[in-house]
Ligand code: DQA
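Taking the form predicted on its own, here's one chain by itself in structure tokens.
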């Protein structure tokens, strides 16, 4: 049976390639999703990608991941800094989660320095652009 990984992207990530390319890069979300699926295939992972601007939808997907996916790669966007609901959903399902941020959240505005997700994530990757997703998938493949 394939090792299944759900890649979730939060608010405004659908605007990649348009929104602040100097901070987030020129790649679109479609580019990143295609890269994740291809990387997953090379690593023997089955990767599914989703994006939502709605916190509750992300929480629902995290909850539904239990029993359907073996791990999550999660870029919660701004919800990193505000969402106790996402934190609680991750804690409730108890599956591996790698938190990914395109930019280095610790080198930006002070309100971005704290992530509620980090406390319940298996690992955190930030500041490496889209490469962070590849690294997250590699880490999950090694930690099966």
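All figures in this text were calculated on a predicted structure; none of them were measured in a lab. Residue numbers count along the first chain shown, from 1.
Here the subject shifts to the form predicted in complex with the ligand, a form of this protein not shown in this document.
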query	finding
Partner contact for residue 102 in the model of the complex: the ligand, 4.5 angstroms, heavy atom	yes
4.5 Å heavy atom contact, residue 11 to the ligand in the model of the complex	yes
Proximity of residue 108 to the ligand in the model of the complex, heavy atoms at 4.5 Å	yes
Contact of residue 78 with the ligand in the model of the complex (heavy atom, 4.5 Å)	yes
Per-stretch contact check against the ligand in the model of the complex, the hit in 40 to 48, 94 to 102, 26 to 34, 59 to 67 (non-hydrogen atom, 4.5 angstroms)	94 to 102
